[in-house]
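Take a look at this single chain in structure tokens; it is the form predicted alone.
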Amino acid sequence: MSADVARVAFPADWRVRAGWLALAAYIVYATSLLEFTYARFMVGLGNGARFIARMLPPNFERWETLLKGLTESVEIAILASALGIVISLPIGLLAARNLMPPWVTWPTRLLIALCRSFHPVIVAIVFVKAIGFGALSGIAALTVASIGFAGKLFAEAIEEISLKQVEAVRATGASFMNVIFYGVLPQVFGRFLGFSTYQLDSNLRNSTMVGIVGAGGIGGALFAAFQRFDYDFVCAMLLSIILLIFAGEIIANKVRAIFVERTRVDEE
């Protein structure tokens, strides 16, 4: 038998195996530190079943409070998304390394990284301490989160464009802003729209959480209901939040579909 025939198709990589063994050992070690046991898991299942039983059937009698919280959450999400996207557009341009020099891109990317470093709830706590309780703190917190997410995606989308179209616009003697409007934005507008609709959907979810720390929205009412052990009303709010997220997803898909259809018609 030749050496080629005897050669193993998939030779064992002991470094990979050692890595998997180290990961398994760490999981066992971390589990022991967290005191995770089968008995506690079974007790938790029983407590969870009793908790769900107390949530059913949902109580929609206080629908005014529910509607007020949902309306405020939607308002927070829309305003934060609009502000965050408007601010993210110039930030994404400044962070694009194929359009800007390093002394501009590095500070801008540092700003984006700072905005993405913390969860919106943590940022909301900071703004609640600085501004006070209410929707304004939630809007500010979600605006920061939007800048971190949308700014990064905008910059990456701009870095993937074809520079041939940009150079063609520059060759006409166009100004920098005309180069951006006619050479850059047409190539990334579709992706920008997709990022924006996803950011709105994300802010709808996050707007229900920041209220837990006093930043407005339905989260405050949800937290208060938990503290009162008013679990049937909690279930009603959770179902309403789920429907709100589904509605936002449907609207976002419709907007994207309309834009795709218009783009296809314009190309034809």
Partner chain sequence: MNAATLEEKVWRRFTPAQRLARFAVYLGLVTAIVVSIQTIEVIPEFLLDAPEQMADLLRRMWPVAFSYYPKGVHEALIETLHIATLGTIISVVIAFPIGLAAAHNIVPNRLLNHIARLLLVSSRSVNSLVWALLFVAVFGPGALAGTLAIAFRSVGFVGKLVGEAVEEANRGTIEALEASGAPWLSALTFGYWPQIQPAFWSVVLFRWDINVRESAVLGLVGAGGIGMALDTAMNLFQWDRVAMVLLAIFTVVIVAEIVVTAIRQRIL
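Throughout, rigid core stands for the largest set of C-alpha atoms superposing within 1.5 Å between the two forms. Residue numbers count along the first chain shown, from 1. Since this is a predicted model, take the numbers as computed values, not measurements.
Heads up, the form predicted together with the partner chain isn't pictured, but that's what we're talking about next.
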item: Contact label in the model of the complex: residue 132 to the partner chain, heavy atom within 4.5 Å; value: yes
item: Residue 228 within 4.5 Å of the partner chain in the model of the complex, heavy atoms; value: no
item: Non-hydrogen atom contact residue 60 with the partner chain in the model of the complex at 4.5 angstroms; value: no
item: Residue 206: touches the partner chain in the model of the complex, heavy atom cutoff 4.5 angstroms; value: yes
item: Site check 31, 121 and 242: each within 4.5 Å of the partner chain in the model of the complex by heavy atom; value: yes
item: Residues within 4.5 Å of the partner chain in the model of the complex, restricted to 30-49 and counted by heavy atom; value: 30, 31, 33, 34, 36, 40, 41, 44, 47, 48
item: Rigid core superposed: residue 26 CA moves 2 Å or more between the shown form and the other one; value: yes
